[in-house]
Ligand SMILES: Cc1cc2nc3c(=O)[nH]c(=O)nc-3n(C[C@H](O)[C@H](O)[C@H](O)COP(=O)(O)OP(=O)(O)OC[C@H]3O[C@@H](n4cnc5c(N)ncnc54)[C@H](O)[C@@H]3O)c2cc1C
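First comes one chain, alone, set out as structure tokens in the form predicted alone.
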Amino acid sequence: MQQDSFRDVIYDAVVIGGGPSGATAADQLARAGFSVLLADREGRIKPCGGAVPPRLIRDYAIPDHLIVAKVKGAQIIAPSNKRVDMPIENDGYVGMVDREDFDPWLRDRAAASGADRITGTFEHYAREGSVSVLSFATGAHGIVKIRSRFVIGADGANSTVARMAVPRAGKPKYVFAYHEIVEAPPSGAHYHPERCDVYYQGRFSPDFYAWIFPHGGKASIGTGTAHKGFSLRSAIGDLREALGLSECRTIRREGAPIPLKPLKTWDNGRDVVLCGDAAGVVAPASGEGIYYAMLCGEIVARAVGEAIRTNDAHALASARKSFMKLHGRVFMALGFLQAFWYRNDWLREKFVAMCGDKDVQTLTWQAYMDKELVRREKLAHLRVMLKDIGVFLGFTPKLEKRSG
């Protein structure tokens, strides 16, 4: 369908934003037989470490060719440069994707499932009778107006859809993230193609963390912070210099706000519901977003599908309720972890020491890989709690100190 013919179509749903959340929502709605339009600016790549857990790969049928690296563990680096290795047990791995290829593939899959597409920038939302009227600025046709029964706003942390159509959502809490995609350096002390390195050091991030993640023949070197005066680009330059990675060729640079707390309201009670970063579904402390974005897209699509079938906009509110029922406790716990342990280098040192504990590592990987709190390990949870108290009081285990 050509873009200029969209003018006379009334869609069941229009999805604004073609990242993992929006593309998943469009795909799910199209598969369910609804008429859906996926609108995206394209050409913009979100800064992202690219980690995807096995559950995402399995649940959303991600083909192996999109997994550019398989990570077998992580290395956590304290302010003192002490390092803790966190291997993944039982031959498990975390997949790594490059958003430059991953997002377009998701959009193409939505189109193959039956979603129409338009490339353009969302400009305006209005309500005319029983339908929403959306305006997009497109290069080929100027301003294109599209009508729809329902609208999904999946247009990022600074969502224009939220500002125009869901004012009760408020402003999200977020960090600003920046990374540089570079040619992968040779494997060595400060880089391994099957390991994620996470730096809890105030000089590289005063309230979050910096990272080096493998992307096959490339690597992502990034950081994030909520401190507006902190220079992320300088911090990454300093990190690369400290680790001897300054000479690695820089392929591209990207920056964007990353929300770290779900908004209290996702819908306007009438025709619009938010999704993904626009709804704030990025995990605090870790900044993990791809799995939660895609799950949110699926849940929102289910809610919109119910609203279409019943012609009852109250169904839109079920999206947030369903998501928070599944992961609200995890987000609350991670939010506390970040607020407490990331405040200064003294606490970050103790946090890294805590990560050296076997029980902490086992529970962390189990929760990350399966996306569920591990309730059956009650004794392990108790041991972790007691060890956390011990670490905070100064009973810190000895860690290996390495140069760098």
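On a predicted model such as this, the values are computed, not experimentally measured, just so you know. In this text, residue numbers run from 1 along the sequence as written.
Keep in mind the form predicted together with this ligand is missing from the figure; the text below concerns it.
> With the partner left out of view, is Phe122 within 4.5 angstroms of this ligand in the model of the complex by any non-hydrogen atom?
Replying inline: Yes, Phe122 lies within 4.5 Å of this ligand in the model of the complex.
> Using 4.5 Å between non-hydrogen atoms, is Glu42 touching this ligand in the model of the complex?
Replying inline: Yes, Glu42 lies within 4.5 Å of this ligand in the model of the complex.
> If you check in the model of the complex, is Arg99 within 4.5 Å of this ligand, heavy atoms only?
Replying inline: So Arg99 counts as contacting this ligand.
>> Considering non-hydrogen atoms and a 4.5 Å limit, does this ligand approach Gly156 in the model of the complex?
In response: Within the cut-off, so yes.
> What is the one choice in Asp197, Asp207, Glu288, Asp271 with a heavy atom within 4.5 Å of this ligand in the model of the complex?
Replying inline: Of the candidates Asp197, Asp207, Glu288, Asp271, Glu288 is the one lying within 4.5 Å of this ligand in the model of the complex.
> If you check Ala303, Val282, Ala162, Leu239 against this ligand in the model of the complex, which one has a heavy atom within 4.5 Å?
Replying inline: If I apply the 4.5 Å criterion carefully, the residue I get is Val282.
> For the chain shown here without its partner, which stretch in 358-366, 49-57, 28-36, 343-351 has non-hydrogen atoms within 4.5 angstroms of this ligand in the model of the complex?
Replying inline: So the stretch in question is 49-57.
>> Would all three of Arg107, Cys275 and Ala293 be in contact with this ligand in the model of the complex, where contact means some heavy atom lies within 4.5 Å?
In response: Spot residues vs this ligand: full contact, yes.
> What residues in 199-221 sit within 4.5 Å of this ligand in the model of the complex, counting heavy atoms only?
Replying inline: Going through 199-221 in order - heavy atoms within 4.5 Å of this ligand in the model of the complex - the hits are Trp211, Phe213.
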